[in-house]
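Let's start with one chain on its own, the form predicted alone, as structure tokens.
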């Protein structure tokens, strides 16, 4: 199952970053696919990106609401919000575990041999603050004289944007180097911080900072695709705890908003058929256990 998941992550990485003509054009892809929402966090300004980032687009919608109202143009942004809602209601944080490029980046870094550390659970709540304040409140409230706000999360925080867009565009367009200042240095610093943290701990950005993961996590209990727990079959052996990359106890908190649905607990740990993959209320996959496995 883990091999299949890695292939899924790689395929999604190529699908949402499929414009490989950027070294020749030296600019962003602006073709018809750019109206499609990437399911995971993938920067619109990445020169290879063929889709738009849901968090970036949500900020662009919110930062322009005052200007739109004052100019008599009432844009509801149903396409952006609706797309995110449909993806969340369908798959929840399966997107984080199976389709997000920056999630794959963190997982690859975590494979580097080093001493590994846990992330205090209290830090998990920070990503909801980033979602509320940096993605929603600040773009709406802090506006200029024209009534326009800023994409605060993209501009000041997002390390995925720095990796996928900030660094490549500076390399592609040398003239941009004259405009670099403290903001760019700050973004590089955050990228270095999360990269180093990813070596030492599993998926720190996803767990503490990512607003898209926070949004999708709200749907984990009600999404059409999720992990189902059979409490009668569960022996509370704790095997699922040991393999979980986000350090949750799924037998104690099924449907946790922290679960990225990587299915490692189901495919690698549980020997008692207590966990299964559920699609629209129907168990799609469970693991039959031989007597030999149960006895081990």
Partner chain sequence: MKRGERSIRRTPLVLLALFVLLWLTGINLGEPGRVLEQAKSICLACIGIG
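Keep in mind it's a predicted model, so treat the numbers as computed, not measured. Numbering follows the first chain given and starts at 1.
A second form of this protein, the form predicted together with the partner chain, is not displayed here; the remarks below concern that form.
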> Hey, of 132 to 140, 106 to 114, 214 to 222, 93 to 101, which bit sits against the partner chain in the model of the complex at 4.5 Å between non-hydrogen atoms?
Replying inline: 214 to 222
> Considering the partner chain in the model of the complex, which of 199, 190, 119, 176 comes within 4.5 Å of it through any heavy atom?
Replying inline: 176
> Would residue 253 count as a contact of the partner chain in the model of the complex, using a 4.5 angstroms cut-off between non-hydrogen atoms?
Replying inline: no
>> Residue-level question: is residue 283 within 4.5 Å of the partner chain in the model of the complex, judged on heavy atoms?
In response: yes
> Does residue 127 reach the partner chain in the model of the complex if we count a contact as any heavy atom within 4.5 Å?
Replying inline: no
> Does the partner chain come within 4.5 Å of any heavy atom of residue 82 in the model of the complex?
Replying inline: yes
> Would you say all of 5, 242 and 249 touch the partner chain in the model of the complex, counting a heavy atom within 4.5 Å as a touch?
Replying inline: no
>> Residue by residue through 52 to 68, which ones have a non-hydrogen atom no more than 4.5 angstroms from the partner chain in the model of the complex?
In response: 52, 57, 60, 61
